[in-house]
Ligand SMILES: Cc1cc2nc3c(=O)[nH]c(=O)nc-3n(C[C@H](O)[C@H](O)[C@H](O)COP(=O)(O)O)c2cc1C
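Only one chain comes next, encoded as structure tokens, the form predicted on its own.
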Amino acid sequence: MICYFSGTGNSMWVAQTVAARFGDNRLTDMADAVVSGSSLNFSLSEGERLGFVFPVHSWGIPWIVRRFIKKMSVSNYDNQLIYCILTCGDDCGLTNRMLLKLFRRKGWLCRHIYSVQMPNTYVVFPGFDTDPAELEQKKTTEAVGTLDKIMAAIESDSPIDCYLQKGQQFLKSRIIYPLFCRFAMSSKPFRTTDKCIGCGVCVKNCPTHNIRLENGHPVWANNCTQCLSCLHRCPQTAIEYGKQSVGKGRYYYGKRKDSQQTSHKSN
């Protein structure tokens, strides 16, 4: 079974690739399961692997993933292999330690926590933007080889060192991450420009079902997880996050849009 969360497609690609390699047809969308109120009681068969695939948010676990793991229960657990594959733009911080702590509380053993570097998507902090086209291509190309090594390690149950971690880990994961979770979850800054045509793509692609159309334009509720799927996947590039995202690039797996250099009039 593979439990995944994805906003801009990077983690979805990983989850689908792993599922195809392992012949695993049990894919659970963690965001949809939590928001819809679906049962989080699962059963594992003998020898069945339990995988978690999701992006790192501000050097930590996305709140929707943390909530899913805390609430889920697994019957017939008898030390089946548990693995985690994280996607990140530059650095995972101490996300691995956070996961191990969650798993220990549930009595689970996890010896496989890895990361795959993928194109940057977080564009709403000062100084943060999508990657240049050349770097984006480099990351997506190298990710194929990295993921292949990770899957081989999981198949043979032979842990390898494949976790992207840079400096200032305590600052990033113990100080910035809690602040991010407390203060950066607001969807209030989201707005549309006069490019919006009311197509509803943002509504369809929001993992937490946090957007609805009202008078032909999207309206955000208070269940945002800051995945930025709505912003990146808008076909008209009509969604901004306050002024922070203006002039910055748009990306979701397999597609990109160049940075917008002109300002947009908000509706």
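In this text, residue numbers run from 1 along the sequence as written. On a predicted model such as this, the values are computed, not experimentally measured, just so you know.
Below, we refer to the form predicted together with this ligand, which is not included among the displayed structures.
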Please tell me whether any heavy atom belonging to residue 9 falls inside 4.5 Å of a heavy atom of this ligand, as the geometry stands in the predicted bound form. yes
Report whether the minimum heavy atom distance between residue 190 and this ligand in the predicted bound form is within 4.5 Å. no
Non-hydrogen atom contact residue 120 with this ligand in the predicted bound form at 4.5 angstroms: yes
Non-hydrogen atom contact residue 52 with this ligand in the predicted bound form at 4.5 angstroms: no
Of the candidate stretches 44-52, 215-223, 58-66, 235-243, the one with residues having heavy atoms within 4.5 Å of this ligand in the predicted bound form is 58-66
Answer with one of 155, 90, 148, 129: the residue that has a non-hydrogen atom within 4.5 Å of this ligand in the predicted bound form. 90
Among the candidate residues 228, 35, 40, 201, which is the single one with a non-hydrogen atom no more than 4.5 Å from this ligand in the predicted bound form? 228
Using a 4.5 Å heavy atom cutoff, which residues in 174-211 contact this ligand in the predicted bound form? It's fine if the answer is none. 180
